[in-house]
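Just one chain is shown here, as structure tokens, and it is the form predicted on its own.
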């Protein structure tokens, strides 16, 4: 008979250090260690600047001042500024015209490319390359290019073409109404490629059997576009609108190179106004308040457009 003292002792269950140890072990074995570097980078380069801008918005900070104090002067000066009303009107007209123009022209080019590919026509690659060439040009260079094209000097390309056609030259940049139109044209020319790429990809996902069935039913081209193409493009159109809305609201370098915000304040939009406030007038507090206003406008419009996106059914 074997003595019980010599029997092997069953392995004891591993000791736990309590609830805290169990939670720590689960976190260590989960995705958190892999996500921490990304979270730290996002916090450092995105969250911290926003927090610092909010702090500066409630100060009277200037670039070369050594001492700053918390104050509502920057916010109150904006609330009572008559200039801000003009800036917001310019921003509204510029943004709406630019966003609508980019979507409409991008959709037209995407439809043309898709139709040409289905008909196996040559030249679609050349067309896409030409459109994309405008997109890769830096915005500041885009402004300089269009400034040369719209120039009212004898070397201005557009006015030279008008003279050759017997049409009187147009004051593209010196007339306040034409200056805003010139800024919108330059923005649409560069940003159309982004809309074209996104909408082209969305068009390629539409089943061609739908168009074949519509053709059998003798549907007209506009009916096929209205009842087949647009409903299927709705999510892509809304996402496109959100993205280019944000980009257009934050764009200032094209206008800076094209008109500098002039003549007067005819083409000065909110982003350019904030840029000039900080880097020309050196008013950090007022510039931070303007950037917060721009952020609120962007988030509000983005939220409104997001509500229009179709929701997934569960």
Partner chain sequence: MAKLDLSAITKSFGATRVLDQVSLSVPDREFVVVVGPSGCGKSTLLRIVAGLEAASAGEVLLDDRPVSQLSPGQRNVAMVFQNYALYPHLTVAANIGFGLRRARMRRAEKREAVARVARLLEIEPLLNRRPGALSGGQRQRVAMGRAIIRNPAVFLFDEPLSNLDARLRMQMRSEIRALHRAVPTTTLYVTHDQIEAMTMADRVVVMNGGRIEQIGTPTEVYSAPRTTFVAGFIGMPSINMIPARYRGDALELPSTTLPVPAAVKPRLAGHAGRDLLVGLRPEHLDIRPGGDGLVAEVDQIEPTGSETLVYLDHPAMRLSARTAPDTALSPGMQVGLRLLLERASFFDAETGLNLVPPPSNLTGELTA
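Positions refer to the first chain, counted from 1. Please read all numbers here as calculations on a predicted model, not as lab measurements.
Keep in mind that the form predicted in complex with the partner chain is not shown, yet the notes after this line are about it.
Interface residue among 78, 228, 171, 241 relative to the partner chain in the model of the complex, by the heavy atom within 4.5 Å criterion: 228.
For the residues 167, 92, 125, 209, the 4.5 Å heavy atom test against the partner chain in the model of the complex is passed only by 209. The candidate spot formed by 62, 65 and 69 lies out of contact with the partner chain in the model of the complex, as no residue has a heavy atom within 4.5 Å of it.
By the criterion of a heavy atom within 4.5 Å, residue 232 is counted among the residues contacting the partner chain in the model of the complex. None of the heavy atoms of residue 105 is located within 4.5 Å of the partner chain in the model of the complex. Taking the partner from the other structure, the partner chain in the model of the complex has a heavy atom within 4.5 Å of a heavy atom of residue 220. Contact annotation for residue 181: none of its heavy atoms lies within 4.5 Å of the partner chain in the model of the complex. Heavy atoms within 4.5 Å of the partner chain in the model of the complex belong, among the stretches 172 to 180, 79 to 87, 212 to 220, 92 to 100, to residues of 212 to 220.
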